[in-house]
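A single chain, nothing else alongside it, follows as structure tokens in the form predicted alone.
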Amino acid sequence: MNVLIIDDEIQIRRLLRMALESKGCTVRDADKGQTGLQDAIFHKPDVILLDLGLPDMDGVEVLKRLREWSSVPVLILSVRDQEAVKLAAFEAGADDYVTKPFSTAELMARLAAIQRRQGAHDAASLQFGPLVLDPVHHEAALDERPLKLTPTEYALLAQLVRHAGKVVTLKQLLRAVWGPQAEEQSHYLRVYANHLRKKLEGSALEIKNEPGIGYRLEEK
């Protein structure tokens, strides 16, 4: 998940960056509303964490300008806990609202919920970096070129893309691709993970193995 943080407090940006990068996210940050809007235009994040108290413009104004052209999920982070402020943020297009101070666990849970909703909304396509999967037609493209995959390879790769940057356990993968009866057949994964590694060679993506735990798709 590519995350853009728009917050003028450097300590908050550092905290968020550490927490998000530890979960496999790619993070950019901005300390002003205008800079954040420019970053959103050029880097197209998957989610934006937006503070309301910015030095050059109010966060709600940033959100309104953003919503003129983008539907990217936005999570508000603010010390303002008045109901009217929260309502204004939601009316401007916020997807969620967390009051400062907040726990890292709460933030990650809120982001996970946003990501699940976004995934359901965008069920017609899966994308991670240069890789795009079409679940409807079971087709794949890597660096804008068709990627030939068997049905099993596609199913495994789709699971890794859905959880890109995170370790997906052996049992999770075996159940999703081969069914509950295959939970102990980890050699299936070794074979097909190696097939996919060969097909991803030369790209910016790689499949990492966490021995005895699972696999993770990540950018190099």
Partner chain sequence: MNHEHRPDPDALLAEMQRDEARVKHGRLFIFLGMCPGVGKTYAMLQAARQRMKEGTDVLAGIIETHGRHETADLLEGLRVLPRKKLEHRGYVLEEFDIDAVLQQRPELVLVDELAHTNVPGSRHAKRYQDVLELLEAGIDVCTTLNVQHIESQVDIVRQISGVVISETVPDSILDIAHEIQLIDLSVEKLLERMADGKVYLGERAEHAVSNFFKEGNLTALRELALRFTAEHVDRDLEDIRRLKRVSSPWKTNARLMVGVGPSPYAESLIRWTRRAATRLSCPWLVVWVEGSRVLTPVEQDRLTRSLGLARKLGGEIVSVTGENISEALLQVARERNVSQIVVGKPEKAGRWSQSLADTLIIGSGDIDVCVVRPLAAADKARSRVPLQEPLPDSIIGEYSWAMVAIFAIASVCWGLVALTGYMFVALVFLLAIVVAALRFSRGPVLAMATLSAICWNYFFIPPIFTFHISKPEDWIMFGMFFIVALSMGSLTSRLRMREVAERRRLRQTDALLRVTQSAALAAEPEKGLAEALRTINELLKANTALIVREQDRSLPKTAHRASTFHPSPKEWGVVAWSYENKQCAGRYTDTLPESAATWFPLQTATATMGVLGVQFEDSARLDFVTRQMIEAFALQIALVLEKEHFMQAVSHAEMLSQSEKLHRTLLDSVSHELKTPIAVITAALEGMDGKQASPYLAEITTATQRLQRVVDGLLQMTRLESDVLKPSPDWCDVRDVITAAKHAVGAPLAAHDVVLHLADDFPLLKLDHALLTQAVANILHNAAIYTPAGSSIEISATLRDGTLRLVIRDHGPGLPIGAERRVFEKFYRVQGSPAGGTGLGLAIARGFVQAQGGDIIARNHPEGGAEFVIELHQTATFKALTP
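Each form is matched to the other, and the largest set of C-alpha atoms that superpose within 1.5 Å is called the rigid core. Positions refer to the first chain, counted from 1. Predicted, not measured: the structure shown is a model, and the values here were computed from it.
The same protein has a further form, the form predicted in complex with its partner chain, not shown here; the description that follows concerns it.
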Report the stretch among 189-197, 36-44, 61-69, 157-165 that approaches its partner chain in the predicted complex to within 4.5 Å, counting heavy atoms only. 189-197
With its partner chain left out of view, choose which of A30, V177, V27, L170 has a non-hydrogen atom within 4.5 angstroms of it in the predicted complex. L170
Given that the partner is absent here, does D81 sit within 4.5 Å of its partner chain in the predicted complex, heavy atoms only? yes
Can G212 be called a contact residue for its partner chain in the predicted complex at 4.5 Å between heavy atoms? yes
Might L205 be said to contact its partner chain in the predicted complex, defining contact as any heavy atom within 4.5 Å? no
Heavy atoms within 4.5 Å of its partner chain in the predicted complex: does F102 have any? yes
My question is whether Q82 is one of the residues whose C-alpha shifts by 2 Å or more between this form and the one not shown, given a fit on the rigid core. no
After core superposition, I'd like to know whether A94 moves between this form and the one not shown (criterion: C-alpha shift of 2 angstroms or more). no
Is the shift of I207 between this form and the one not shown large enough to count as movement, that is, does its C-alpha move by 2 Å or more after the core is superposed? yes
In the predicted complex, do the Cα atoms of E210 and A109 sit closer or farther apart than here, given a shift of 3 Å or more? closer
Closer or farther: the CA pair V27/R197 in the predicted complex, versus this form, with a change of 3 Å or more? farther
